[in-house]
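Read the single chain below, which is given as structure tokens and is the form predicted alone.
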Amino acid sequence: MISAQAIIELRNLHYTWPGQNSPCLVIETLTIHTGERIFLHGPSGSGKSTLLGMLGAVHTPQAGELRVLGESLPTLPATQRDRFRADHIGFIFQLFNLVPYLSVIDNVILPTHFSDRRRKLATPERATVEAEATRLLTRLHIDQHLWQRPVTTLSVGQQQRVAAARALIGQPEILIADEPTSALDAALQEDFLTLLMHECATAGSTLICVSHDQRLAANFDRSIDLATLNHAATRASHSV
């Protein structure tokens, strides 16, 4: 059941990369509600990664309104944006961004070292964050004998699932997934998405997923074509 409460609101948002003369992102309006499962798609250059950076408090727009969980992110100092991101947003990066010298389980619990909020939410019924990490790894079919190994010894598909467990730990309100099934065989993609959505539903997390594979769109509440939403991309295509 999707709440009517808006968790993300964008209005007249403009973003221009440093050194560029024209904006790469121009969005008049976008509202995402609490608990929604959003499928975001579009061709290369349509602004998908830039938008994820906006929503994840990594990039700051030069103009417009961006409110996440009621906070106006562009008005927050950088240190507060960093804290906000650590407390409230989980990321599954396309290139995983796992720490190569840490074990599988240490990679999963890493967010709880930077956020007291996520540490507390990871342990309401479990004695340790490690116990919650092992639950997530088990749910995502990472065998126990791998948990203490360096993450670099795992296959690409296994590393992607470890990245998902890291993003989910501590029940962040928003989970941002950039091509989360790209390293998985077709047979595993649907199972992975089912598990991901189940964990998001259990935690009450809003899921925003970017993918080029539009076959996945049917699993989501709403599909957004960024090439249409982003007026900067539309203007660029008209000028060619």
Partner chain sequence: MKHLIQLASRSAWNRRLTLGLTLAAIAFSTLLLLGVERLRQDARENFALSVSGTDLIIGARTSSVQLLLHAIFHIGATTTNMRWSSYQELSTHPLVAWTIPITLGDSFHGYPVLGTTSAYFEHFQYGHKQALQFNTGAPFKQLFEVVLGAQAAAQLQLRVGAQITLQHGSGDLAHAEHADKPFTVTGILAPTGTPVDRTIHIPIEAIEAIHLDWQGGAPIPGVSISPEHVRKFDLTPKTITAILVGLKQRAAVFRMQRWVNTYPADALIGIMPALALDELWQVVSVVERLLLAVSTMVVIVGLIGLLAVILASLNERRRELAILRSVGASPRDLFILLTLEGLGITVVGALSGVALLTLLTISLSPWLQSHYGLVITLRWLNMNEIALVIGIISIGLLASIIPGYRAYRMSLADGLTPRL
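Numbering follows the first chain given and starts at 1. Note that the coordinates shown come from a computational prediction; the quantities given were computed from them, not determined experimentally.
What comes next is about the form predicted together with its partner chain, which does not appear here.
Proximity to its partner chain in the model of the complex, taken as a non-hydrogen atom within 4.5 angstroms, holds for one residue of Thr138, Thr128, Asn97, Ser72, which is Asn97.
Residues of just one listed stretch (24-32, 182-190, 57-65, 203-211) have heavy atoms within 4.5 Å of its partner chain in the model of the complex: 57-65.
Taking the partner from the other structure, its partner chain in the model of the complex has no heavy atom within 4.5 Å of any heavy atom of Leu121. Although the partner is absent here, Gln171 sits far enough away that none of its heavy atoms falls within 4.5 Å of its partner chain in the model of the complex. Though the partner is left out of this view, Arg149 does not reach within 4.5 Å of its partner chain in the model of the complex, counting heavy atoms only. Contact check for Leu76: every heavy atom lies farther than 4.5 Å from its partner chain in the model of the complex. Taking its partner chain as positioned in the model of the complex, the residues of 105-125 that bring a heavy atom within 4.5 Å of it are, in sequence order, Asp106, Leu110, Pro111, His113, Phe114.
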